[in-house]
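To begin, one chain is listed below as structure tokens, in the form predicted on its own.
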């Protein structure tokens, strides 16, 4: 089949979305399909740019561009899923979050409210005409149903380089890999470090807009001896940090999916998350393969201390997590079968 994949492109921002897009294209090609991708340049601000891109996407018909028949269209992101095709599947990563779960009506001005209205109208129109709707998690599917009264099928996929993850003897550190952004809430972990009663270390990997803020917090609380901001690390380093950690902290706010949860389980490590973290809650069973708590530094510190003081429990939880991942039969073969 000739398959076209549409998504966005934000220059020099590589994260889970990029792995998702590349992974889908690679797996479609692996199964013998001819695949091309169209990546629309996306800017988060100003909102006028987003509205222009919405208008542009919904005018595009990709059934036979330049006379070449396309058999299948798969769209992944807003507003790229607005393009048209008679055999169109959407595999939704997330919608424009600022118009939905991150929108604060009491703080919004008239322009923000109008932008939100236009985004919702766009989604209602373009997604309702798509024959096959999928979401990359139950969390995203529930948002679509709640916000737009549109159903979708949750469809999990493996993290990048799934077969390369391994586990090793734990060392006394908590690993936290993610972009340094406020929604990822590394500050909860930094605040928790103030209340630790054990000598466990904190390793935070990644880069992002909040790096200076987090470094200032560490200096403010005099935590330089116990917390390290590692910055960007290689894939090989990431695998090793996972494998040797005592546990992984991943407690974003209302995450869509979250590779980190799955990567931790593939590394046989328990995960500490919060009860408002969204996607991770689909995989973490409290006190079985990790801990689910309030987004409260005192509670987080107590759980870290508990794992440090009971390393055998940490190992057993990690093994349970690895098995629970295997039991879900998460595979690209299943993804491609359902999409195509």
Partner chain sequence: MKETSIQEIQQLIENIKLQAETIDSNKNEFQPSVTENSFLSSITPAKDEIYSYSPEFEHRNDFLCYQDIDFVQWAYKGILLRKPDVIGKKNYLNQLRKGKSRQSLLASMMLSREGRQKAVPIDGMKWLLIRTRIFNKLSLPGRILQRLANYSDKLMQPKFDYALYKLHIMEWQQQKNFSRILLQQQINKSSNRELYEELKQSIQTSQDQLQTTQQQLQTTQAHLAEVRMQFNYQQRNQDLFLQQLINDNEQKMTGVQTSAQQQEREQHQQTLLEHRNDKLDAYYIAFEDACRGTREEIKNNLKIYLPLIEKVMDKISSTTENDIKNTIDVLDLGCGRGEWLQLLNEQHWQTAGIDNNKIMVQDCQNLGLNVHIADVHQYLKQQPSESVCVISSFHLIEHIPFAHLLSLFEESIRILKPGGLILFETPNPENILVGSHTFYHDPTHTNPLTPTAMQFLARYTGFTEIEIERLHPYPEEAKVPGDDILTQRVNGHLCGPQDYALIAGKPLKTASMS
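Numbering follows the first chain given and starts at 1. All of these numbers come straight from a predicted model, not from anything done at the bench.
One more form of this protein, predicted in complex with its partner chain, exists but is not displayed; see below.
K.L.:
Contact between residue 222 and its partner chain in the model of the complex at 4.5 Å, heavy atoms?
P.N.:
Yes.
K.L.:
With a 4.5 Å heavy atom cut-off, would you call residue 134 a contact of its partner chain in the model of the complex?
P.N.:
So residue 134 does not count as contacting its partner chain.
K.L.:
So in the model of the complex, is its partner chain close enough to residue 84 to count as touching (4.5 Å, heavy atoms)?
P.N.:
So residue 84 does not count as contacting its partner chain.
K.L.:
Whether residue 253 contacts its partner chain in the model of the complex should be assessed with a 4.5 Å heavy atom distance threshold; does it?
P.N.:
Result no; residue 253 lies far from its partner chain in the model of the complex.
K.L.:
With the partner absent here, would 202, 227 and 230 each sit within 4.5 Å of its partner chain in the model of the complex, counting heavy atoms only?
P.N.:
The answer is yes: all three residues contact the partner (heavy atom, 4.5 Å cut-off).
K.L.:
Identify which of 124, 145, 216, 240 has a heavy atom within 4.5 Å of its partner chain in the model of the complex; exactly one of them does.
P.N.:
Going through each option in turn, the one that passes is 240.
K.L.:
Which pick from 156, 115, 165, 173 sits with a heavy atom within 4.5 Å of its partner chain in the model of the complex?
P.N.:
If I apply the 4.5 Å criterion carefully, the residue I get is 173.
K.L.:
Please determine, with the chain shown alone, which of 194-202, 257-265, 70-78, 96-104 has non-hydrogen atoms within 4.5 Å of its partner chain in the model of the complex.
P.N.:
In the other structure, the partner sits against 194-202.
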